[in-house]
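Single chain ahead, by itself, as structure tokens, in the form predicted on its own.
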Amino acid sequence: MSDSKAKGSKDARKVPMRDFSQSLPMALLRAREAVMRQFRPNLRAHGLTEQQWRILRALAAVDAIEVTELARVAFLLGPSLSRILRDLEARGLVQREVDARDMRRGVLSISTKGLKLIAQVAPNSEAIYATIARRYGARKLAALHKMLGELEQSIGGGGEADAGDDE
């Protein structure tokens, strides 16, 4: 290939935007992956996927929650959530009831068995958090949480779920 063709093909790939390595979404995904790499073995040891754990954690924080609200807080698309809930229900980790005010809606809660599973996973999870805080720095980690919350608020957080990380 001639030098002019090679140069031309490089020029054709130039895009009028920041370098890929400076992409905020990619930086956040890389950081998320680095963090989740620490937690996955613990989840797998208890037969859980990241998404299942996210649902159980969300349910443990409330008495009961409507399915669409759970999808929003757990950042899962409806079809993915439905599939995951079927498995969690079959395992007896969550309970579904009909909403007394609107019979068309389902209300979910975590079961006693689900709470026991969280209690089993929690010690290792907290140890992983402690390791991350020790390696990265507790103050820096707190500042990062604060900055991420501020970023989310400033650009209008609370948007649609993304199926990108579903199994």
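Quantities reported herein were computed from a predicted structural model and do not represent experimental measurements. Numbering starts at 1 and runs along the sequence shown.
Heads up, the form predicted together with the DNA isn't pictured, but that's what we're talking about next.
- Checking 103, 130, 28, 122 against the DNA in the model of the complex, a heavy atom within 4.5 Å turns up for just one residue: 103.
- A residue is said to contact a partner when one of its heavy atoms sits within 4.5 Å of a partner heavy atom; residue 49 meets this definition for the DNA in the model of the complex.
- Among heavy atoms of residue 63, none comes within 4.5 Å of the DNA in the model of the complex.
- The DNA in the model of the complex is approached by residue 44, whose closest heavy atom lies within 4.5 angstroms of it.
- Proximity of residue 73 to the DNA in the model of the complex: non-hydrogen atoms within 4.5 Å are absent; the residue sits far from the partner.
- Shown here without the DNA, the chain has no residue in 116-148 lying with a heavy atom within 4.5 Å of that partner in the model of the complex.
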